[in-house]
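Below you will find one chain, with nothing else, as C-alpha cells; this is the form predicted on its own, and questions on how it binds or moves follow later.
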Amino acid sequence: MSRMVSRGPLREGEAVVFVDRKEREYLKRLEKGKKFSIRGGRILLEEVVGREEGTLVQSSLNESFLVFRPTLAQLVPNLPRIAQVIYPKDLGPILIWGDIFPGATVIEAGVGPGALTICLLRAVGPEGRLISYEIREDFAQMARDNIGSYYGSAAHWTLKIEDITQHLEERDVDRILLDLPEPWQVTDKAWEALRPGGVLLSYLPTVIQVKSLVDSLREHRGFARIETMESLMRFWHLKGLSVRPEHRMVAHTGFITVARRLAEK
C-alpha cells in the first residue's frame, strides 16, 4: 500500500513533515529507534508515532512543531535530490494537460529525484502502468530510494536504465512525458509508441528548446493540437489589515508543450 494515502494515527515508517512557527518545513521518516535532529534540537520517535496529524510536538529545545503527513505540494520541494525537481506549480498542469487517468499506460523519460514519478504513480493507480526511462544510474537510484521511502510499494512501476532515444520499444501507450533537454530526438519513436489520440507532453526550461521541439512535431506531420504554455504562481500575504502579494513569487520554471498523436502521418 502507498505510504502517501494513510489515514488515522501516524505510524512507524511513514513520512511526515514538521512545520515550525515560521512555516518552514522539514521532511522526515518515522524510523524505529531514531531521533530527529531539527534546528539544533531533537524529537523522539515515540513522541510522534500514534499521534494524529495536526498535533503539536516539542523538540528538546522546547521549540514547537506541527506534524502532518505531507501533501504532494509539501513533499515534492523537500524530496532528497541530486537533480532539479519539477515544482508543484508545474506538476498540476502536467497531470491535467497530459490527461493522466486511472488505468493509463504512461511512459516518462528523465526521472530526476522522482517527483513527477510519484505524481504519475498516484494518478494511474495500481490498475495502470508507468514505465520510466533514465539514462543515469545515480538519478535512477535516487528515484528508487524516494519512491520506496515516500510512496511505497509500486508493482505497477518499471524503471529502465536506458536512453529512450535509442530504446523506446513499447507500443499502444496512452501518454508519453519527456523531461529531456532534446525531446525532438524522440519525435519519431514517440509517434510509433503512442496509440492514435495519445498525448505527448514535454517539459523544457528555454523557449529555444521549445521551438526546436515544435518545429520537429510539425515537420513530422503525425501530431496535431500542438500547444505550449507556462504557469506562474503568486502567493499572497494576509495578516491583519496587511493584504498584498508576496514580495517573491514562483515565476518561470519551465514550458509545457503538448501534442496529440494522429492516426496517420
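Just so you know, these numbers come straight off a predicted model, no measurement behind them. A residue's number is simply how far along the shown sequence it sits, counting from 1.
If you look for the form predicted together with a small molecule, you will not find it shown, but the lines that follow are about it.
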At 4.5 Å between heavy atoms, only one of the stretches 187-195, 96-104, 168-176, 82-90 reaches the small molecule in the model of the complex; which one is it? 82-90
Evaluate Y133 for contact with the small molecule in the model of the complex, applying a 4.5 angstroms cut-off between non-hydrogen atoms, and reply yes or no. yes
Does P113 reach the small molecule in the model of the complex if we count a contact as any heavy atom within 4.5 Å? yes
Does any heavy atom of P126 come within 4.5 Å of a heavy atom of the small molecule in the model of the complex? no
Non-hydrogen atom contact G148 with the small molecule in the model of the complex at 4.5 angstroms: no
